[in-house]
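This document opens with one chain alone, in structure tokens, the form predicted alone.
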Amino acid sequence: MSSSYHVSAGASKEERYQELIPQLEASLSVHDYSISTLANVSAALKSVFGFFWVGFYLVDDDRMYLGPFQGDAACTFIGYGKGVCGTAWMMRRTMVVPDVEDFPGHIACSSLSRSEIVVPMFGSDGSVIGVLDIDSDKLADFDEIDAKYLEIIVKIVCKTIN
């Protein structure tokens, strides 16, 4: 995987995703060790978008455990149906939370987190194998553009690691 990703200065959020995705596809075209893939995707998203926290939680039985991430220390495990990550796992869909304080049962790994998006990752058998979790220190920082493109990125990642 390339050590750095480049997007145009002044590009809109959508344009940054559109420029990043082909770079990720090219760098992930050869099957990489899954932990390395997840680590580098976390770094790319944090670098390009400046998100507060970017990382993966990986399913193991009835919990998800912290995987590769960029940002402050985080919760080491999350239960099925617990918090935004566990709810995305249970619901099998992307969760966009404009204000984490308004999400019932939100797990506060950091008091600085204000909004969150979580995208489930699917294995080749259709089961949820983990989630991509991104936090922002700004309210309502995520929208349908993030959901659309992060789902594409997660599909690329899952194709690489499955």
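Numbers follow the displayed sequence, beginning with 1. Just so you know, these numbers come straight off a predicted model, no measurement behind them.
Keep in mind the form predicted together with a small molecule is missing from the figure; the text below concerns it.
The contact with the small molecule in the predicted complex, taken as any heavy atom within 4.5 Å, belongs to 107 out of 107, 58, 28, 39. Using a 4.5 angstroms limit between non-hydrogen atoms, residue 53 touches the small molecule in the predicted complex.
Using a 4.5 Å cutoff between non-hydrogen atoms, residue 74 counts as a contact of the small molecule in the predicted complex.
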